[in-house]
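Given as structure tokens, the chain that follows is alone and in the form predicted on its own.
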Amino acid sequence: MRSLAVVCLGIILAEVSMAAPPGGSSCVAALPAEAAGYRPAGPDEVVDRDGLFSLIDGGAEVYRALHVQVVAERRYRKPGAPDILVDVFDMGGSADAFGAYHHDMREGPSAGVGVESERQGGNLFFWKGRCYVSVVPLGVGPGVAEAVLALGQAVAAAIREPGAPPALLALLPAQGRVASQVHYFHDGALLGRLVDLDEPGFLGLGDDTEGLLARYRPTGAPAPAGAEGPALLLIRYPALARAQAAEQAAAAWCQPRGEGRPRCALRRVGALLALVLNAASEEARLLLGRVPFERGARP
């Protein structure tokens, strides 16, 4: 049996871990001390971007590409009920929190938590401010679904700033857009996970660029369940010269191979470059024509 001193020391260490998140992360600080009868089972597991591989099984490179700063996992426990894991990702900004949430397909019903949320089976995912949050029960039972929602609501309530999605989102035509297929990215490595561009290096992407990939229903077709249909890429460069160089490289890449049709259609206005992939020429032209370039062409 552990001595009273050891028990007290463990409680103190847990309280210190919960009260002083690394780097003062507001996302980590949003983890509640209690919700729906659930309380922390022990100290949080907290890592920075370099330690992320030890915390999550797969996907670490995605979060790193989206500028993750700190990740904390807290296990909540209630006697006689399954444990619940809450992971909070401090993405450094709301655009990247949006990107982390949208990386996987989102097809479940909204939970009304944060800016956007989804229930996937018993799990809850949402983003708010600079934070992306997952709440995952480790079993089923009476009241578990309600406790998952209560924990998510408590975290969301503690995040003061709602944040905003990437400004580029306002430039995506709404007609035919598949809501679950909108992805945010910075570099070519992440874009290469989302769409086949052979080698996306020709676009000159890096940590200082930002882009959106959105998929659209083919004309007259129902909403695709996966990655079918035309894809619209919007990329904003930090300098006009970078955008001009990417436009030239993309124009060469778009040229038809053999007797095939062009691989894409493109247009650049200022530092904003748009490409339409996987679309017949007329359909690509129509989709490009619906992009409000005049609202997003600033360098």
Partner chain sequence: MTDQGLDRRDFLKAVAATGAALAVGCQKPAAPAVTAPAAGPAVGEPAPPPPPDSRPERSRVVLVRDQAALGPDGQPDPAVLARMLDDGVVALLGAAAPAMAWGELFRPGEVVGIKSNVWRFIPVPAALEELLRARVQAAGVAAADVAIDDRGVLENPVFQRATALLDVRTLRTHHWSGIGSCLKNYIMFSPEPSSWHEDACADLGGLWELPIVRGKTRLCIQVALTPLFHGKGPHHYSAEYTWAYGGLILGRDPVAVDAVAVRLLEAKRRLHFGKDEPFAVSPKHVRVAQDKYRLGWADPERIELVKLGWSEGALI
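On a predicted model such as this, the values are computed, not experimentally measured, just so you know. Numbering follows the first chain given and starts at 1.
Another form exists, predicted together with its partner chain; not displayed. Remarks below refer to it.
Within 4.5 Å, heavy atoms only, which of Asp208, Glu107, Glu146, Glu161 is in contact with its partner chain in the predicted bound form? Checking each option against its partner chain in the predicted bound form, the one that comes within 4.5 Å is Glu107.
Pick from Ile56, Val47, Ala36, Leu266: which has a non-hydrogen atom within 4.5 Å of its partner chain in the predicted bound form? Only one listed residue qualifies here, and that residue is Ile56.
Whether Pro262, Glu282 and Gly289 jointly form a contact site for its partner chain in the predicted bound form is the question; each needs a heavy atom within 4.5 Å. The answer is no: none of the three residues contacts the partner (heavy atom, 4.5 Å cut-off).
Partner contact for Phe125 in the predicted bound form: its partner chain, 4.5 angstroms, heavy atom: Output for Phe125 is yes: heavy atoms within 4.5 Å of its partner chain.
Would you please decide whether Glu116 lies within 4.5 angstroms of its partner chain in the predicted bound form, comparing each non-hydrogen atom pair? Residue-level check for Glu116: no, no contact with its partner chain.
Tyr63: heavy atom within 4.5 Å of its partner chain in the predicted bound form? Yes, contact at 4.5 Å.
My question is simply whether Gly139 lines the interface with its partner chain in the predicted bound form - judged by any non-hydrogen atom within 4.5 Å. Taking the distances in the predicted bound form, the answer for Gly139 is yes, it comes within 4.5 Å of its partner chain.
Of the listed stretches (192-200, 91-99, 162-170, 149-157), which one has a non-hydrogen atom within 4.5 Å of its partner chain in the predicted bound form? Heavy-atom contact with the partner occurs in 192-200.
Since the partner is left out here, which residues of 67-90 would have a heavy atom within 4.5 Å of its partner chain in the predicted bound form? Counting only heavy atoms within 4.5 Å of its partner chain in the predicted bound form, the contacting residues of 67-90 are Glu73, Leu85, Asp87, Phe89.
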